[in-house]
Each structure stands twice: as structure tokens, then as C-alpha cells.
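Coming up is one lone chain in C-alpha cells, specifically the form predicted on its own.
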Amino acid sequence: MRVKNVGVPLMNLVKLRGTPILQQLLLEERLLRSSSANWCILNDGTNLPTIVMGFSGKPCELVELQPVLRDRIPVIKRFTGGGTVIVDENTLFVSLICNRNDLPDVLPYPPSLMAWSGSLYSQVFNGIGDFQLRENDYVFGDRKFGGNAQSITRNRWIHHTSFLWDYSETNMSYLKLPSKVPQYRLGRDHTDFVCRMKDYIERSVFIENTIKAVGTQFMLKELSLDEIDDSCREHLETTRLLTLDELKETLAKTSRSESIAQAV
């Protein structure tokens, strides 16, 4: 346990390595909805390349379905909003689940959460590159390396981020260019729009700096995955893995619609 001043709220710290992203998201949804504690979850990479969409994402608009089906790339719909990412062993994840009352100056709205997180990560990347919060992204200069999503409940919220330590251009090709993009993207494709965090900071230094930054606002208590209480009350579970049949049906419908449009 890291000892801090009396009156600073407690936060449980869980450090994972290579945990499947589906398992991580299911854990986060359970902790958001059924725990009363604050949590910081760090996952150093996931085990397999996986596409993760926001809860309102539509595969036909966001994913190149034919190669995804051909290569059996898993597609998950998570419980938070935000955009679509493909993650793998070179993606670093940081998730912050907080009680509203423990951070009373952070309003339960996305702009306030983003401003707070931008300030937090300014400590992590202090003196490193040209770090900025641009719209809803973390960038060095004008190139994105961190994407965010939130979910806000009555008394709690989660802010979680996927950081591109490195990326595969092949993996990026599974994603379509979304119709809604940040203004600063300026029509750039994925590989011109993003950058690799490894060009700016060591992996271990990033993790260490993140823990230090969170520790300026919370008293951290480290727990292992096995120490997390499984006796939580029942909760709504919306995170799920899309089935192959769902993706095939979506592809078939999209192909029919395109054929009809071409015939008209």
C-alpha cells in the first residue's frame, strides 16, 4: 500500500499483463455497476488482436467485414461509448473507475472527465513530446496515440483509455474510416493519423508514471485479480463478443444493399 495523507480517497490498483480484453471489459463493467470502491486497472497488452467497438457502434460502418471474417478477428461491443479500436499485445490499457463524491470537482459529463484526465496525463507525459488533449484524444503534436471512452452512472463513472505503444499496419487495415472523425484528423488515414508511443517513452516508465500520477489524488492499495471480491450483486452486463453468424449476416445485408443501390 502507498501511504498518503489522511482524507485522500482510497483507490484499488490492479496490474494485469496480457489479460484478454473481453475479460478486462467484463471486469470493469462489473466493478462500475456493483462495487462501491474506486479502481485503477492497468493491463499491459492483451493476448490476441481484437476489434473493440463502442456500445452504439455498427460493424458495417466501422469494420472491414470480409477480411475480419476471413482472418477470424474477434469483434467486441463494449459497455462504454467512444470509437472503434483494434488492440493487441502492444496496446496498453488504463481504466479509472471513480465515485463522483470522491472527486467532487469533476462533473459527471464527458468534457469535465476529459479535462481532468488530460491534466492527469500531463503529469505522466511531463516533458515528453508535445503532449496534448485534442478533442477527445491524447496526441503528440497532431498524431493520436491514446483513445478514450466513458460511461457515467448515477454515482460513479469510468474513464478508460487504450494507448498505442506500437501498432501493426495490417491490423489497422481491418478498420474503416469512420464517418464521424475529429476535426484535426484532416482526412488522414489510420497510419498517418496515429503514432507509436514507444518512440517517446519506455513502456515501464509510462506504467510507473501513471501510477505516480494517480497516486497524487488517491491512496493506492494494490490488489491481485484473485483478491477482487466476486460476491458482487447482480448487474446489467452489456459487453459482449459478437458471433461469427452476426458478422456474416451483417456482411450479407450490406452486400445486398450495395447491389440494390448499384442496380438503381
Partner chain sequence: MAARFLWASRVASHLKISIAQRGFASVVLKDLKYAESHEWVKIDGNKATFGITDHAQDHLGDVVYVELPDLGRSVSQGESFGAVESVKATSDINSPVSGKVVEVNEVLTESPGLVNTSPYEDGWIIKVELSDAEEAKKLMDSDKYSKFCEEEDAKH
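Positions refer to the first chain, counted from 1. In this text, all values refer to a predicted model and were calculated from it rather than measured experimentally.
Unshown form predicted in complex with the partner chain; subsequent notes refer to it.
At least one heavy atom of residue 55 is located within 4.5 Å of the partner chain in the model of the complex.
Using a 4.5 angstroms limit between non-hydrogen atoms, residue 187 is distant from the partner chain in the model of the complex. Contact check for residue 33: a non-hydrogen atom falls within 4.5 Å of the partner chain in the model of the complex. Contact annotation: residue 141 falls outside 4.5 Å of the partner chain in the model of the complex, judged by heavy atom distances.
Proximity to the partner chain in the model of the complex, defined as a heavy atom within 4.5 Å, holds among 95, 148, 117, 91 only for 148. Comment: the partner chain is not present in this chain, but in the model of the complex one of 73, 194, 152, 175 has a heavy atom within 4.5 Å of it, namely 152.
In this stretch, 177 to 198, the one residue having a heavy atom within 4.5 Å of the partner chain in the model of the complex is 180; the partner itself is omitted from this view.
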